[in-house]
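First, one chain by itself: the form predicted alone, in structure tokens.
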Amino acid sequence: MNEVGLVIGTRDSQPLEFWVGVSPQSYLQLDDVVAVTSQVPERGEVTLYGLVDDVRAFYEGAKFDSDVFRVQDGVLPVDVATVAHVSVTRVEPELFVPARPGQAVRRATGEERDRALYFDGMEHRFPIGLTRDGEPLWGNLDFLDGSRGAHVNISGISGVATKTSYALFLLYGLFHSEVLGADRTNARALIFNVKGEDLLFLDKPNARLNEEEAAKYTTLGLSSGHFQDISLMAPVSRNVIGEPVPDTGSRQEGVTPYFWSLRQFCQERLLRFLFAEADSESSQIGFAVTVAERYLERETEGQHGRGWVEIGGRRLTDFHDLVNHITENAEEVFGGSRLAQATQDAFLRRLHAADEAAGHLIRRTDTEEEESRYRIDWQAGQVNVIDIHNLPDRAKRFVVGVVLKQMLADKDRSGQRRPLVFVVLDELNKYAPAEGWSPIKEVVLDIAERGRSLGVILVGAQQTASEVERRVVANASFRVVGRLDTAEAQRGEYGFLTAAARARASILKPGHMFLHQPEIPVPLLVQFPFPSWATRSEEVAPMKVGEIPRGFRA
């Protein structure tokens, strides 16, 4: 029966928690799942399932701290007692009575463990990791795909919490299992690569994956390997004249450079995303941007099929020309808007700063085919990686804002929740900060609040959830925490963690996370396997004989 102890009577037993006296011949550790069955008069058997969140050992019979030496000398007779605190996760049937002292407590395994953690009721479940003893853990897809909830938020210290690695593991589990059913083929992931070239090798197997780690994928019902159907995009290099080339380091093969044409910039009113740093909502800069966008849209209307735009009889061939034109014709651009001169000057200063940071991303195209070829296509592959790590912060915000705006517009036009789109965005505090307003924050907030109905799932990550717009974090059904700063762990944003979990969050090892999902009242400690896809160039496994490199055709 796997009995581990008895419900003790020296501490209160309540409907949602109780204490277990651990048998000297057994043990309980943090995160173990247990069950206890009690007889209730007139109602029959009631079983309480729970998770161990505190374990204590002490001398029974000792009164003073110094008694430990007397015990060791054999002078003072005492017994060693071990007790464990259990937080109740489920009661079957739902009759909320306390566990009775003296009742046998057993370790929950197999079907009982699944029942304790609600896995038995998950019609559509996907892998979220493993327990410390190697048992699979599952998430309910209904709370991710928009049926009953959506979005994932991941917090943790940079470089230690492995936030991006866990986000990719979740995607791998979704795209390489049967949980999405017929929707799997058409589902899309949009991943912004913000640090190094880590995500430019997702289509390559990892040479460092050993047999032990590969076996963990098998336990979760997955095959270990690399992502399939990958599209890689990187910003166009600013220093190359002629044929556009991607601005990357060690990875060039199979990477498509991206930029926007002057016509697209003017007609689609993309100027606002060059002013995406957070401002006070009372600032007039936003109005100045709107006025300038209307001017550019009006002046370039109907201009197609050429590599330049014409405004006021002047031919403009690159973004620098456009900035100079607005500067020299500010009176015409802002005429009748009643904008203060100081606001106009502030707008122009930021515009020139934007030219330095992101001007190379807006350039001439000689044909409509070229204009389309080098624009980011978020549906090009199943997994679409958009590299922005080499860009200045202003340019990063521009790319993220424009791409998310385009994706939302496309989903709005389709009017369908399927296929699902998973947006992986690290450094979320830069794009949706807790304070201030910006165009990109408005887009991210729109995804958080309305994305569920559109089938757009935000997998956001940040070092500190307290620095992110509260509504973005609050709308995430799945909350995940890796290693946290001790002070940050005490913030209200982590109220879903138990007191013990908050304390443990500051010592979590890489590859270990606390995950909270709606059906389970306590967070689960999960570990996930080492990536089976390469995360840097030196991890790429040698190609098999006869294998064709991605990006080439036989």
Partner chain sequence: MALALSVDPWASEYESALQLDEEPDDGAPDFPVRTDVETDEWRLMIPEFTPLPSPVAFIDGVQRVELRVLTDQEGKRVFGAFASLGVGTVFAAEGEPRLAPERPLRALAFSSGANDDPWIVDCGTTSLVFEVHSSPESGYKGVKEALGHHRLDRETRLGRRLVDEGHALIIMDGRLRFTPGRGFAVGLTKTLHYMYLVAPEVNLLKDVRPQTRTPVFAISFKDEPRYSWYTRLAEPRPIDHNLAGVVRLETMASIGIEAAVRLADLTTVHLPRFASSPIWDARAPQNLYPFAALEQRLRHELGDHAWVRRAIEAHIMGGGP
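Keep in mind the model is a prediction, meaning the values are calculated, not measured. We call the rigid core the largest set of C-alpha positions that still match within 1.5 Å between the two forms. Numbering follows the first chain given and starts at 1.
A second form of this protein, the form predicted in complex with the partner chain, is not displayed here; the remarks below concern that form.
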Stretch from 36-44, 523-531, 500-508, 53-61 whose residues place a heavy atom within 4.5 Å of the partner chain in the predicted complex: 53-61
Any chance D73 has a heavy atom within 4.5 Å of the partner chain in the predicted complex? yes
V80: heavy atom within 4.5 Å of the partner chain in the predicted complex? yes
Counting only non-hydrogen atoms and a 4.5 angstroms cut-off, does E519 reach the partner chain in the predicted complex? no
In the predicted complex, D67 touching the partner chain (heavy atom, 4.5 Å): yes
Tell me whether A62 is among the residues that move between this form and the one not shown (Cα shift of 2 angstroms or more, core superposed). yes
